[in-house]
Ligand code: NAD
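Listed next as structure tokens is one chain, alone, in the form predicted on its own.
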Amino acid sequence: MVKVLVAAPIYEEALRRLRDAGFEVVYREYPSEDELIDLIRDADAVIVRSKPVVSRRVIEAAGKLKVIARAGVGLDNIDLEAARERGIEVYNAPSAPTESVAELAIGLMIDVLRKISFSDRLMRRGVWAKKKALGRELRGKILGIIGMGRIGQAVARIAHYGFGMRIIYYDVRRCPKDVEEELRAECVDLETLLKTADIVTLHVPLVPATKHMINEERLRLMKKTAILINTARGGVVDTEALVKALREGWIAGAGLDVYEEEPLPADHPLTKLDNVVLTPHIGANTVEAQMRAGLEVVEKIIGFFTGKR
């Protein structure tokens, strides 16, 4: 019998689908590395989310492992080189969280510009801060998208059709012409995007080329009235430089869902700033996205072991 280790919460229907296919399912939520090593020794497949980390040490301890599945998009918590060396298939669910992450990015833009969280905090302290909560509209602003893949394009569609925003973007690959025409999106270099955009939103994976892509030098290129949105990966932004930019007014604000250190410590400098909105890595954390992600990777696992890929 095929044994599937589920090492993170996934949609219940996805677990049922595995059992109905005749697979043995072992569930352990977010085990430590040592626990994962013990659990994975006789597993044929493992399912994770952004946690736990499937390190080389874990992979080398897995005697039967044939599939690693990430119920989501990013694969930075999986040692891909070690998996390749062992001939292990690695699957993810690239389209599952697209709309959820895109909607959160737009929500953070509105929150920062209209000072919603800021106003809420003051209201709960009995402060009627109407004058301090003077905001700005999304409509007509220039949106700079760094990374024009599935999520970047979904953000562009909401921004263009919903708010009449002008779209500029930077990517290592240019979008097809029909996508540019549909969204009236202009491909520009990174420096131009940072200097021009009223809002910069990040939608790139964390790889060596994107590590601290947004650093002090690039933050200083942005308008003083601009805001930065990050729903991608924390390591894409140099946190120390961002704190400095927010404190000293190089940019007007930021909306962050991801961090270089997660969970974000309660005493982190970002938590002391009024011009930043913080959410706890909830981009894909919707009922709909989790349902799609769980079912997508489960179907891939079933297909692999039944030969019906």
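Rigid core: the largest C-alpha set superposing within 1.5 Å between the two forms. Start at 1 with the first residue shown and count on from there. Just so you know, these numbers come straight off a predicted model, no measurement behind them.
The discussion below concerns the form predicted in complex with the named molecule, not included here.
Out of the listed residues 89, 171, 99, 198, 171 is the one that sits within 4.5 Å of the named molecule in the model of the complex by at least one heavy atom. Interface membership of residue 49, defined by any non-hydrogen atom within 4.5 Å of the named molecule in the model of the complex, is ruled out.
Residue 209 belongs to the set of residues with a heavy atom inside 4.5 Å of the named molecule in the model of the complex. The named molecule is not drawn, but in the model of the complex it has no heavy atom within 4.5 Å of residue 107. In the model of the complex, the named molecule sits beyond 4.5 Å of every heavy atom of residue 253. The candidate stretches are 159 to 167, 125 to 133, 219 to 227, 199 to 207, and the one lying within 4.5 Å of the named molecule in the model of the complex by heavy atoms is 199 to 207.
Taking a 4.5 Å heavy atom cutoff to the named molecule in the model of the complex, the contacting residues in 137 to 157 are 147, 148, 149, 150, 151, 152. Fitting the two forms on the rigid core leaves the C-alpha of residue 107 displaced by under 2 angstroms between this form and the one not shown. Annotation: Cα of residue 181 displaced by less than 2 Å between this form and the one not shown, core superposition.
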